[in-house]
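The chain below stands alone and is given in structure tokens; this is the form predicted on its own.
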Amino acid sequence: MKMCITTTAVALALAAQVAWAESPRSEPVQPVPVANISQPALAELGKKLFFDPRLSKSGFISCNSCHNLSMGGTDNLKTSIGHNWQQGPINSPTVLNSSLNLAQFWDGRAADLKEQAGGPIANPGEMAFTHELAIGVLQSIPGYVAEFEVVFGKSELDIDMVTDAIAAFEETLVTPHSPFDQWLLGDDDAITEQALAGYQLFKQSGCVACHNGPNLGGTSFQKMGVVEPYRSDSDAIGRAAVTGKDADRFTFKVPTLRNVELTYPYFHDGEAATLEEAVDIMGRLQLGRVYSEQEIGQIVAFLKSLTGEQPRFELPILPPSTNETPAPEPFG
């Protein structure tokens, strides 16, 4: 009898989940979709490349250095550290759910993940390599050559194959099933009353004009400092660096709020150290609204409910270098 009751309870729970999925709440925010891995071998190769520091001149910096998957897909620094301990010019955006963005980088200079993946490798302030040298390193490692041949059908490597693979892996880095997503799908008990009040305030204040959709951002470029100017020591000028238009100065891609609890510090210059500080600044500069301490607490509670299931996978074991593999230059 007990077995029958348990089985019935499980069946009812599964039926409820299906019902939620079929009729989500009508909101300007939608749940993060679960990753659809159509090319697992390509994604697995990309995972190795994402973690491989040999794609940098120093042999020390990998994609994961600035987009640490144990730390919300960021490095939790105001601005990232590049080759020879150079201070980067901008805060490292999270790689989590980045496939949901309309473009990559704060200024949107990369149209997609594939284009973005090649940028840091050849940037002298980041990984400080060249695409040619990176390919030379990979071509000298038989384990990589064999894996590329299985995935792409040829043993002559090129940078397009590398960026295809990294992008395929990054597309798997989504974070579904956050408490807020469970609420969106019909579970009234998934978030606290404080978080729900914060979401209602978030909507009523107009935050959803920019932070909407599955990623709560990432789908538009907006000026930083609409009501009041934003003061910053950063040299970053935003979208104007891409378009050359003065009207685009200090216009940046709206960041995702997914997992924002993990991706501190905030803004393109990393100047907001806490969520409370970020909410206060955004309220005043973007909306002309001064939130009370209670209101800030409510919005922060809502933002913390956006932390989803973090990617979990087996750490890749990288193929070993050979005598022909060029030596890294960590201090070059």
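Bear in mind that the values here come from a model prediction, so they are computed numbers and not experimental data. Start at 1 and count along the sequence shown; that's the residue number.
What follows is about the form predicted in complex with a further copy of the same chain, which we do not show.
**Q** Is there a heavy atom of residue 86 lying 4.5 Å or less from a heavy atom of a further copy of the same chain in the predicted bound form?
**A** Residue 86: contacts a further copy of the same chain in the predicted bound form.
**Q** So, in the predicted bound form, is residue 264 in contact with a further copy of the same chain at a 4.5 angstroms heavy atom limit?
**A** Although a further copy of the same chain is absent here, residue 264 would touch it in the predicted bound form, with heavy atoms inside 4.5 Å.
**Q** Residue 76 near a further copy of the same chain in the predicted bound form, any heavy atom under 4.5 Å?
**A** Although a further copy of the same chain is absent here, residue 76 would touch it in the predicted bound form, with heavy atoms inside 4.5 Å.
**Q** Could you tell me if residue 30 has a non-hydrogen atom within 4.5 Å of a further copy of the same chain in the predicted bound form?
**A** So residue 30 does not count as contacting a further copy of the same chain.
**Q** Report the residue, out of 69, 35, 272, 301, that has at least one non-hydrogen atom within 4.5 angstroms of a further copy of the same chain in the predicted bound form.
**A** By the 4.5 Å criterion, the partner-contacting residue is 69.
**Q** With a further copy of the same chain left out here, work out from 35 to 43, 278 to 286, 58 to 66, 291 to 299 which stretch has heavy atoms within 4.5 Å of it in the predicted bound form.
**A** Of the options, only 58 to 66 has residues within 4.5 Å of the partner.
**Q** Taking a further copy of the same chain in the predicted bound form, which residues of 301 to 327 have any heavy atom within 4.5 Å of it?
**A** Those in contact are 310, 311, 312, 313, 314, 315, 316, 317, 318, 320, 321, 323.
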